[in-house]
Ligand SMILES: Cc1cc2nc3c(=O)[nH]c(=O)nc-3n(C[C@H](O)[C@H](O)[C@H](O)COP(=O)(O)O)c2cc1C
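Encoded as C-alpha cells, the following chain is the form predicted alone, with no partner shown.
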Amino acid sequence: MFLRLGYALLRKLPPETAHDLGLRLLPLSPYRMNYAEECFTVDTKFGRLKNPVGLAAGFDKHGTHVKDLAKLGFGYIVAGSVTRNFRKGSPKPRIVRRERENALVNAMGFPNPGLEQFLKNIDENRPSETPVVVSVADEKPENLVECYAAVQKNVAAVEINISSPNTPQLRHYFEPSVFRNTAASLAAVKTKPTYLKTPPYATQNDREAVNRVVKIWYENGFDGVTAVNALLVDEPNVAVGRGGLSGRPLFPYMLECVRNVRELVDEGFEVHAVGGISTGSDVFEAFRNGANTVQIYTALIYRGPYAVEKILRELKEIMLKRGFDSVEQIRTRR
C-alpha cells in the first residue's frame, strides 16, 4: 500500500521532482522483491545474476540510493554516470514525460558530485547481494581514464558512456584515431569487466560509426557493450530545447543495434540491451536477438516500483508456453 500510494502521488508531480522524492521515500518502504527462480539466473563476466533485469544508468546519478534500489529486485544496478569533476547539469526543466508514448525526454547534462564524492557514496550505500556497475563519462580522454581506473576498485564492472545525446562534446570519441587511443589507454588500466554504451542508429552514418568503435573495443579485449543510449530529439518543454528520448519508441532501435553487434563479434562478447524494455515480451525479444541481459529505466516510471516483478512473471509465462527452461536458452537457441 505504501508503494502504491507513493507511486500515485509521484505521477502527479513534475518528473524531476517526482524522481528525487521517490528516491528519498524509498528507504522508508518495507517492500523487498523476492520473486526469484533458478530459471532466471544468468552468467555474466561480472558474476552470476539472480535475474537478467538491471537498472540502467541515470536513475541514481550520485550513487546514494543503490542499496535501497536493490530492494526492487534488480539483477544488477548501474549507477552514475560520474565525471571527473562535479557538475550541476543543464538548466531546468530538463525532464519531460511523453505519456502517450510511454516515454521520457531528458536533458540532464551529467549532474553528479564528481569522482571522489561519488566513490564515497557508493562505499556507504553498497547493497550486500546485488552487483553494482558504475557508468563513467567525460569529454576529456585523460579524465575518462582517471575515472575508470579509480572506480574499478569499488564495483563489479564499469560502463563507459561516450554516447550521451545531451553532451555533444563526447562525439569526438567516434573519430577512429581518438577512440583507438582512448580504448588503448583504458585497456592499459583495465582490471574489471567493462562495457561500452553505444548510441542508437539514427542514420547509416551512425551505424558505420558505431560499428567502427565496437570493432576497436572488441579488438582491445573489452567484455561487451550496452545498447543503446537515448535518441536525440527536439523537445520544446525542456530548457535547452533538445534531449534524449527513452522508453517505448526506443525499442526497435535497441533491437536493431543488438542484432548488428551480434553479427560483428563472437558469442563471448556480451550485449546488455537497454531501450524501450518494459514487459516480459520485450525481454524475450531482446534475448532472441542476442542480448545477455537487459536494463530498464523508463519502465519504472510507467509500470511503477513493482516493474521488475511484473516483467519476470510475464517472462516466465512466455518461457513456459515456448518450452524454455532458462533465460540462457532463449539466446543460445535463437
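Sequential numbering from 1, following the sequence displayed. This is a predicted model, so every value here is computed, not measured.
Just so it is clear, the following notes concern the form predicted together with the named molecule, a form of the same protein that is not shown.
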{"query": "Candidate site Lys61, Phe110 and Ser135: all three near the named molecule in the model of the complex by heavy atom within 4.5 Å", "finding": "yes"}
{"query": "Contact flag, Gly80 vs the named molecule in the model of the complex, heavy atom cut 4.5 Å", "finding": "yes"}
{"query": "Contact test in the model of the complex: Leu250 vs the named molecule, heavy atoms, 4.5 Å", "finding": "yes"}
{"query": "Val274 within 4.5 Å of the named molecule in the model of the complex, heavy atoms", "finding": "yes"}
{"query": "Heavy atom of Leu104 within 4.5 Å of the named molecule in the model of the complex", "finding": "yes"}
{"query": "Contact stretch among 305-313, 275-283, 43-51, 64-72 - heavy atom within 4.5 Å of the named molecule in the model of the complex", "finding": "275-283"}
{"query": "Residues in 292-313 with any heavy atom within 4.5 Å of the named molecule in the model of the complex", "finding": "Gln295, Ile296, Tyr297, Thr298"}
